[in-house]
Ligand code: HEC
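Only one chain is included here, represented as structure tokens and corresponding to the form predicted on its own.
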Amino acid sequence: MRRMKTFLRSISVQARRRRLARPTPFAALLLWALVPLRPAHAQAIERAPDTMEARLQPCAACHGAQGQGVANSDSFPRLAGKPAGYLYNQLVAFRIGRRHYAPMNYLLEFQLDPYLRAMAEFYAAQRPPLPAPAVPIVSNDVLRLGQSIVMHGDPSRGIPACSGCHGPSFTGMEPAIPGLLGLKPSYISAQLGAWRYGTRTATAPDCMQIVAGHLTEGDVTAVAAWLSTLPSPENAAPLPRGTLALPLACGSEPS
């Protein structure tokens, strides 16, 4: 008899639980009302436009929407208007670790060559205005030294003029020599230092590593300071390929 009562009590409890679990008409109506309405015409998920501009929006945080750089940062360079060959070379250098900057190395690690070329061509085609020249914070003597090295080099130390490769207006030359305008002095100094100490390299013969190896710390400061004060020329586009006879061979600039 005791077992029978226990069995019947168990059945009663289970039935009560099923009744509680079953929604009342009011509860069912409330649940239905909370389901977000979907327009009858919304048959497909809206997607962002599949353009290179849209794909490169994450890059804008550091380099600007058009690759113009950001005004409040000295660490991220202007990309806009530089030759596509140069930009492509740098993207590959980050991908394979020839240039060292962890976020760029990580982001580019698995990108394929055609996509890197498309990225380079996008930024090369941009023409946002150049920023205002930097106000020098060094002495006039330092600026004169920088101007002398940039415009004439120092043959006694094996230093060619920067203008011999980057052009008299420093807009660069197609297909792979960059312009030097619109860059902060601290960025220019950091890159020259990276070449001097081998943390930035290019395809052999690495002409910039050779040139930077002949510069002193004072030279680097002077060159970076003077270049950052240059105004924008009327035409900031890179020179056509072959305009300049380079003073030395560069592996990153195809012959």
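These numbers come from a predicted model, not from an experiment. Note that residue numbering begins at 1 and tracks the sequence as displayed.
Just so it is clear, the following notes concern the form predicted together with heme C (HEC), a form of the same protein that is not shown.
Mapping the unseen interface onto this chain, Q90 counts among the residues with a heavy atom inside 4.5 Å of heme C (HEC) in the model of the complex. Heme C (HEC) in the model of the complex comes within 4.5 Å of no heavy atom belonging to S139.
V211 belongs to the set of residues with a heavy atom inside 4.5 Å of heme C (HEC) in the model of the complex. Not displayed here, heme C (HEC) is approached by V223 to within 4.5 Å at the level of heavy atoms in the model of the complex. Residues are counted as partner-facing when one of their heavy atoms sits within 4.5 Å of heme C (HEC) in the model of the complex; in 182-215 these are L183, Y187, I188, Q191, L192, W195, R200, A202, C207, M208, V211, L215, in sequence order.
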